[in-house]
Structures are given as C-alpha cells and as structure tokens.
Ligand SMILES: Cc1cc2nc3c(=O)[nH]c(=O)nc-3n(C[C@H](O)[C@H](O)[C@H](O)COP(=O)(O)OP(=O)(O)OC[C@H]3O[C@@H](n4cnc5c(N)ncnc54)[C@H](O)[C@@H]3O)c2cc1C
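Here's a solo chain for you in structure tokens, the form predicted alone.
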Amino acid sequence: MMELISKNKCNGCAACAMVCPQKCIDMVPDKMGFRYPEIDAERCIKCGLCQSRCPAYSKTVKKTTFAPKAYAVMGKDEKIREKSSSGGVFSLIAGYVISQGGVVFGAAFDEACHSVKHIAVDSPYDLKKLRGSKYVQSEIGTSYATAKSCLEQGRKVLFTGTPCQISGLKAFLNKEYDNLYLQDIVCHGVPSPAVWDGYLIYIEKRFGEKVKYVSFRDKTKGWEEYLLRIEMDNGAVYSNDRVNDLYMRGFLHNCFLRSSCFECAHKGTERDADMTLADFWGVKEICPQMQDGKGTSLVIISSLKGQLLLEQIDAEIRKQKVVLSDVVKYNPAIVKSADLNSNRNKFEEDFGKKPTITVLKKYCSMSKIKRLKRKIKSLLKHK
C-alpha cells in the first residue's frame, strides 16, 4: 500500500483520490469534518500516482516569464456588487465565461446551508449559488473529473477555489488546456465543516426554525464592517459582526482551521492560478479613489491568459493598477500562512465531547477586558 502525505500537510484537495486508477482512495471526514484520504490496501496496486500527483508531496514550479500584476477593481453594476463579497469581479468574469457557452465551478451551500460543495453552473441564473464568500472548507467531490470532461468537449471552463484546490485540479489534469481558466482566492485558511454544521444546529434550535440563507459578508453596515447574516424559514434573522459572532471570531482567530493551513505550501505572489481575487484591504491608503465603502476587489494577474480574461470585462468595471508589494503590506495572507492559535488543539480535543456552542464560547469568546476596551473605543469614536 502506498504511503500518503502526513495529516498535518494534507490540504484535502482530493487529487490523489481522483487520479487513482483503482478508485481505492476515499476522502473520509475526521471529527472536525476535514476530509483525508484513506486507501483500501487490498485494492491498491502501488502504482504511485497518488504520491506523484499530490501537490503537497511535489509542488510543481510554474514556468512563466509573466510578471504578476495587481489591480483595484470594482464592477459598475451596483446590484451585483451589493450581493458580492467585495467588488463583484467574480460574477462578471463568470458571466462572460457562461456567455461563451462555458462552465463555471465554485463553492456553493447545500440546500440547508449546513455544508459547502464544489458544483458546476452554466446559466447566469445559477451564478448566485457561487457568489459570495463561504467560510467553510468545500468538498471537491467529482468536480475535477467533471471539469476535465467539459474541457475535452471544447467548452471554456472557469474553475475557482482555494489555492490548494487549484493545485489539486492541475495535478489531476496533468496537462495544459487553452480553454481552462483558473481563479483562486487569497485564503485566510479553511475552517472546519463540522464546526459550521454544529453552529447552524445551535442557531436553528435558538430560533426554532430551519436556515434558508447565509451571507458571511452582508454589507448592511458597509463593506468594511461586514456582518454574518443568517435568515430563517419564517423570516427571522440572526445578524452579528465578525468581532462578536462566535463562529467568525473562531475563524478569524484560527481556532478551528485545517492543520495544513498553518504551513500552507501555496502562499506567494506567483500562483498556479491565472488570476487571484481578494478584498482590497488598504485601498483607502493605496488608491483612495477606488474606495466608496461598497466593496473593492484586489485582482492579481499571474498569466497572459488571466490578463486577457480580465480585459473581456473592461467595459463593465473600473480598475486601477497598483504596486503588488504595497498590497501585500495590508493583506499579508497573500504570502504568509495562518498563525497557529495556542488553543487550536484543545479546541479539537473538546469538540464532539461537548455541544459546539459550548466549545465556541470556551475558546472563541472575547475576554472581559477586550470587551470593555472595545466599548470605550466605540464611545470615544462617536463623541
């Protein structure tokens, strides 16, 4: 039986499972909901494909002379931008690909909003399923194989995901396609699917209703002061900011990220993707003319293909070229892995033994001192 990458380095991209000719590798969730490969020893023929294609085992070096470029971008369609996490760039690029008869792959909630999976859409109407940030690791499923089938049919494919998922797709395909466009994100780290599921169960019990809609980046109070908004079947709404919501606090303080996120092999300004999207933090300092409080996207172009794709939506956007090194100062997640929270392992030890909300309160609550300081700061600000 082949030996797979250690658990603390495996990012769950599923390339090994997808390339296995015997289909003897299953992606099995652990107690935190993170999926890891397990090999059926009786069926394994020791071909070595799972090792040779694993991005964590042998990260390929992208051969290109293209110098990465960075832009501040915002879509001109205010309705699209309002529903997007930042500047609405993804929706416009995805819409262009679909208009060309193409297919777009990305992360979407299931009907109950309790889990996130990669799906394919090829109609403008269904793009709403992929729009907006999902702060839960998505299950790749069979999306790599579906994308390959679409590519071989000659259809344009836009595949979006975390940097490790993009590397996983490239490892699975093992060849270049002129009709493939790769778009990743600046990733803070991927949070536990089981923690999210447990948190929603708590919210549903609290309201006595099932969840019908989730927005991790609701802009009711503006782009910079975004809210987690959860709507129930009966119209009731839970809404809280990233400082006070326990799930968002835990995510942003790295309490339940995947282990590999603390030593991410996919950081840097040179990417496997053709294009990288992110919130443009620091836009007020770098190019204030592109800040109106409604959301500005950072777009990093890493290939000629990515540059040409961005040009296809030029008429629908405002953009300003910026210096990439300046951008990194305000968004270090571009080049730096998440810092290991000292309570990360304790959180995992307790998780599953106690209700999710109990564990979140124990490890993710704001201290009384911090809460007091925040209240004083808020009062001084509004004097």
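Model, not experiment: these values are computed from the prediction. Position 1 is the first residue in the sequence shown; the rest follow in order.
What comes next is about the form predicted in complex with the named molecule, which does not appear here.
Chemist: Give me the residue from Arg249, His188, His266, His114 that has a heavy atom within 4.5 Å of the named molecule in the model of the complex.
Modeler: Partner contact (heavy atom, 4.5 Å) among the options: His188.
Chemist: Quick one: from Gln291, Ser138, Asn254, Ser215, grab the residue that has a heavy atom within 4.5 Å of the named molecule in the model of the complex.
Modeler: The option sitting close enough to the partner is Ser138.
Chemist: Give a yes or no on whether each residue among Gln165, Asp279 and Ser297 has a heavy atom within 4.5 Å of the named molecule in the model of the complex.
Modeler: Every listed residue reaches the named molecule in the model of the complex, so yes.
Chemist: Select, from the options 228-236, 196-204, 102-110, 305-313, the stretch whose residues sit within 4.5 angstroms of the named molecule in the model of the complex by heavy atom distance.
Modeler: In short, 102-110.
Chemist: In the model of the complex, does Ser260 have a heavy atom within 4.5 Å of the named molecule?
Modeler: No.
Chemist: Asn331: heavy atom within 4.5 Å of the named molecule in the model of the complex?
Modeler: Heavy-atom contact with the named molecule at 4.5 Å: present for Asn331.
Chemist: Quick check on Phe90: any heavy atom within 4.5 Å of the named molecule in the model of the complex?
Modeler: Result yes; Phe90 sits at the interface with the named molecule in the model of the complex.
Chemist: Given that the partner is absent here, does Thr160 sit within 4.5 Å of the named molecule in the model of the complex, heavy atoms only?
Modeler: Yes, Thr160 is a contact residue.
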